[in-house]
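To begin, one chain is listed below as structure tokens, in the form predicted alone.
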């Protein structure tokens, strides 16, 4: 394939990432490859039928637009499944061997054969889903670096992994949430590795995408009942990235599975990028059941923890690259300046390792400043939650949060409620219907009226304008 085609593809991916955001891009587009361009068309491939179907249904127009911004002549996008390409060309699938942090493989494994009730033969997709999502051999409790922001989550995860078959279930479900790259997946895969190694209970690790893929495949193969029974027969169900669970029927099945496992005393562990109350797409009953377990937030990585993570990663890299050395001042510089998440820290070290191996030069502070400058991101503003807005507004105006959610229409309640709705619209990404739901089940037109009302007043009412600025500062602290 011509180099300029690949360069165009890299620019298209960059444009796509900036439009949909890092989370969505990583979930749906990270495994998309360019196969070729011809006659005004672009041929792209993905590894699963589910990804192909999802992208075609939700992002086909956006992908085409990004390509057209790069090349005007592109008029269509063709999406294919790579496994089909391999089959048609009689090329064997590559075998993935265990690997540590050595740059020669990603160390991924499948969970192993599922030990529950077998699915009738004839549908590989269902068997694949119940085999679990790939595991990374590096993501174990031994390689997880503990700090103040993740101590509780790590302790709860180890407790779950160490539990025996007939032990009482203490935390069910265990729900871990945090921003991107702060260690959720590391903990969930650690539970899976440790739990299956102990042999007491079968632990099945699934991403939300894989759960959806398996359920839809079972429906198509008319194996849905056997699929459900097999899924509910496991000892520990681990679900990652729950925020990506989509579709009413899939969510309903997840709800039934969750209830069946918890009621039967089986352990459920879930990770998401937000707390249960913020999973607006899920049914209220599911959110309530999730919130009824142990909900643990993993906070941002502090500078001290970032430095410890870097030291651990350098030590791991030396197992395969004995001459690799990063002076402590360089590690301290990276820990101080690369603050976004753990993936950026690992990316920074990988760059230093590559530069050192390819050029034969020692790692210096000057080299580090040059290599990681694009990873030094501006500090992100705090993510404001509607609950925080309601709490702070209620305190400012001396009313209760229940007043804001009630149907009361007295003046001392109406104005604070309108201010809170206005702040929810301007400081969060929630839609008008979502905001209305969080304010006592109000219609979106009520929220729109409140937003417009406050917008009209702040230009003329100096006191109100100052109050709102004060509230914004409090929410951003």
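Numbering follows the first chain given and starts at 1. These figures come from a predicted structure and were not determined experimentally.
Keep in mind the form predicted in complex with a small molecule is missing from the figure; the text below concerns it.
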| request: Tell me, out of 79, 145, 137, 198, which residue has a non-hydrogen atom within 4.5 angstroms of the small molecule in the predicted complex. | output: 145
| note | With the partner omitted here, the residue among 132, 173, 276, 342 that in the predicted complex has a heavy atom within 4.5 Å of the small molecule is 342
| field | Proximity of residue 364 to the small molecule in the predicted complex, heavy atoms at 4.5 Å | value | no
| query | Do residue 238 and the small molecule share at least one heavy atom pair within 4.5 Å in the predicted complex? | reply | no
| message | At 4.5 Å between heavy atoms, is residue 297 in contact with the small molecule in the predicted complex? | response | no
| message | How about residue 255 - does it come within 4.5 Å of the small molecule in the predicted complex, if we only consider non-hydrogen atoms? | response | no
| message | On the criterion of a non-hydrogen atom at 4.5 angstroms or closer, are 53, 210 and 251 all touching the small molecule in the predicted complex? | response | no
| Interface segment, criterion being heavy atoms within 4.5 Å of the small molecule in the predicted complex, picked from 159 to 167, 392 to 400, 279 to 287, 342 to 350 | 342 to 350
